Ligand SMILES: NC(=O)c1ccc[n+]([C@@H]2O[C@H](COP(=O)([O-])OP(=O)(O)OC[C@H]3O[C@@H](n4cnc5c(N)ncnc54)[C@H](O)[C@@H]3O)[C@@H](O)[C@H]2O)c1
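Take a look at this single chain, the form predicted alone, given in structure tokens.
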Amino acid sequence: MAKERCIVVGAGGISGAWFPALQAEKVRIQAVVDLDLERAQQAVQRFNLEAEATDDLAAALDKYQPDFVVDLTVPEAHCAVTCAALQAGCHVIGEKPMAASMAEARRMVRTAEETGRMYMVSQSRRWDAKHDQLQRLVRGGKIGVLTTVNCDFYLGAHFGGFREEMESPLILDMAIHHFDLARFLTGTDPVNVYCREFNPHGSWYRGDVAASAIFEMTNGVIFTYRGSWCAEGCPTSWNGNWRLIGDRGTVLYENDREPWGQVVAGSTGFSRPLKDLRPPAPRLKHFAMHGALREMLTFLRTGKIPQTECHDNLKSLAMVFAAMESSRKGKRVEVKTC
């Protein structure tokens, strides 16, 4: 029998990516909690769980006293669910984004500090074999001192439902992935941003679904982001297309293909001679949510701090809200985490 016990809160669509990972790791799922009791019951049946289905989180926490809680609720509920679990003595791993506002996110971080519990956020794209390769290539100095990072993300995404009614659907719901990847790949943190959100002609969204943003990062790195969920034709991948430039070369990562690059191989000529650069061999064994779960389990077993613990992830979330603030004010703003 596994040592670790958990409660899963939220039995919506995203839970389908979590229950198999929990089962593969032999975590004992004690309860599935959802405001829609029928949905919780359906999850228990679908995944053949020996778990209680309930709509009462407080009672489940008191009854089972799990080692950790998996928060799969909507962003607006993350603060209440996570704080309740932390205050009940549980560690928490939760879905992105951390919270629906910076004020709520800061409250969650304070609660983790006050209770001495771990709260980590699942930024699933960090656990991708190609992203790990790209990070090692760039942060290993293969292209010299990093100066510039560009990310383009374009899709014609017809979701229907709540996203098409949001005020800032791209930045608030999607860009957190790309912003966090920029930090992950480069090892830098945000300093300030100038952003312009807009809603293109012919859009089927109510709010601003496209944006261009320029972030100044630490170490003088400039990160430029261009994106839209209202761009028909010639789509990028969901991970976006990336160009990372150093003082000795450039790396490209496009359409989810293996990253590659070129570096300077000589010191003469109008255009210096170049040689191809290939990434290191893949090394990850667990991906996406499973990779995040493994980091939480490693923390429980060894005390090793997960890379996306709440203090660190707050910096990625701050990029989201600073970008929206910049767009509304029409000027560059500081990216504040405190």
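Position 1 is the first residue in the sequence shown; the rest follow in order. The model shown is predicted, which means the values in this text are computed figures rather than measured ones.
The same protein also exists as the form predicted together with this ligand; that form is not shown, yet it is the one meant from here on.
The listed set A77, V263, A84, I214 contains one residue whose heavy atoms approach this ligand in the model of the complex to within 4.5 Å, identified as A77. For the options R106, H177, R117, H131, the residue carrying a heavy atom within 4.5 angstroms of this ligand in the model of the complex is H177. Shown alone, this chain has one stretch from 309 to 317, 294 to 302, 277 to 285, 33 to 41 that lies within 4.5 Å of this ligand in the model of the complex by heavy atoms: 33 to 41. Looking at G13, you'd find a heavy atom of it within 4.5 angstroms of this ligand in the model of the complex. Heavy atoms of K96 reach within 4.5 Å of this ligand in the model of the complex, making it an interface residue.
For the chain shown alone, M289 is a contact residue for this ligand in the model of the complex, at least one non-hydrogen atom being within 4.5 angstroms.
Using a 4.5 Å cutoff between non-hydrogen atoms, A182 does not count as a contact of this ligand in the model of the complex. Contact with this ligand in the model of the complex holds for all three of V9, T73 and S124, each having a heavy atom within 4.5 Å.
Within 4.5 angstroms of this ligand in the model of the complex, the stretch 291 to 322 places no non-hydrogen atom at all.
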